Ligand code: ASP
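Shown here is one chain on its own, the form predicted alone, set out as structure tokens.
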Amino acid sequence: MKKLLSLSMVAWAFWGVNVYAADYPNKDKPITIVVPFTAGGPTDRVARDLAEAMRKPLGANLVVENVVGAGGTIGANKTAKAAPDGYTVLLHHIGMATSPALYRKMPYDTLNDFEYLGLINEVPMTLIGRPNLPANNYKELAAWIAQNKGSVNLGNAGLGAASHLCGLLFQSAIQIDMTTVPYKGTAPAMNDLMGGQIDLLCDQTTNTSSQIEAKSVKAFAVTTLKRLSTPALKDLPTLNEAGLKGFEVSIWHGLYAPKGTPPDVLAKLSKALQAALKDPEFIKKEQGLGAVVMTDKRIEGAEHKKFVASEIAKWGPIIKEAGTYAD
């Protein structure tokens, strides 16, 4: 009797999931995209553009919720602990892969507590300096850094920020430590760079292009393997061609659902995501931010997860070598 009851309960649960998935999404219930950073920032803008692009293929309303704090881990944890029903998803950047090394204690398991939906975009970065820096190209900059070991200041937007990660990788590549100066965001770091209070900053094109174009800062290189085609950056060499062979770092964004979300629901979310990544209006908006919309296999969940695992392996040793941790 108990065995029959157990089997019927399993069958009911399976049938219930399938009925639920067939009814997903409910047009009267919005899907929340959790963004673990402040409104108005690069990640928030990507999320709002994506929400608009996914609305039509998904046939549902999507809203953005900013859950800020602890380098993105608070918002990520909220999503990991949310009901796995497809109505809460996470849009996170490279911090998804760097947090395991940056934080001594993590409230979730990056690779095992989420369903991976796909990679969205990549944003290149630029190495820039104060306007009165006595160097006019990367070769001169490298020589100046070598001559001023111990006194070069490298700003960043805070622990785990894109500029912090790029700075760590740059120091590791040239094997010279600099004095890092953390700020509470990109804006104050950029203001101090333009004012000459710090020497260098490595940040996303979304944050640096306008200052480079206005010649408010000196631009030395981009962090992609190939030169960029955008007007303000097309003449900048890559760090790879400038001598740091293989140097490449970009800030990517991906989409995730809580572990245990039904396969049929994941399939609908993935299909809508892939349709959004082909949407001409979404592509145009992302290009305006200096971002490259993904078209390779990483737009699929399994390849996205493999990529994040490789990023965890890449950044872990760099962060640990730098001795950068947060409680």
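Fair warning: this is a prediction, and the values are worked out from it, not measured in the lab. Residue positions are given as counts along the sequence shown, with the first one as 1. Between two forms, the rigid core is the largest collection of C-alphas that superpose within 1.5 Å.
There is also a form predicted together with this ligand; it is not shown, and the following applies to it.
Remark: all three candidate residues (Gly41, Ala157 and Gln204) come within 4.5 Å of this ligand in the predicted complex, counting heavy atoms only.
Stretch 42-50 is the answer when you ask which of 260-268, 42-50, 289-297, 25-33 has residues with heavy atoms within 4.5 Å of this ligand in the predicted complex. In the predicted complex, at least one heavy atom of Thr186 sits within 4.5 Å of this ligand. For the chain shown alone, Thr126 is not a contact residue for this ligand in the predicted complex, no non-hydrogen atom being within 4.5 angstroms. Mapping the unseen interface onto this chain, Ala161 counts among the residues with a heavy atom inside 4.5 Å of this ligand in the predicted complex. Residues of 208-235 that come within 4.5 Å of this ligand in the predicted complex, judged by any heavy atom, do not exist; none qualify. Core-aligned CA deviation for Pro107 between this form and the one not shown: less than 2 Å. Lys81 shows a C-alpha shift below 2 Å between this form and the one not shown [criterion: core-superposed Cα displacement of 2 Å].
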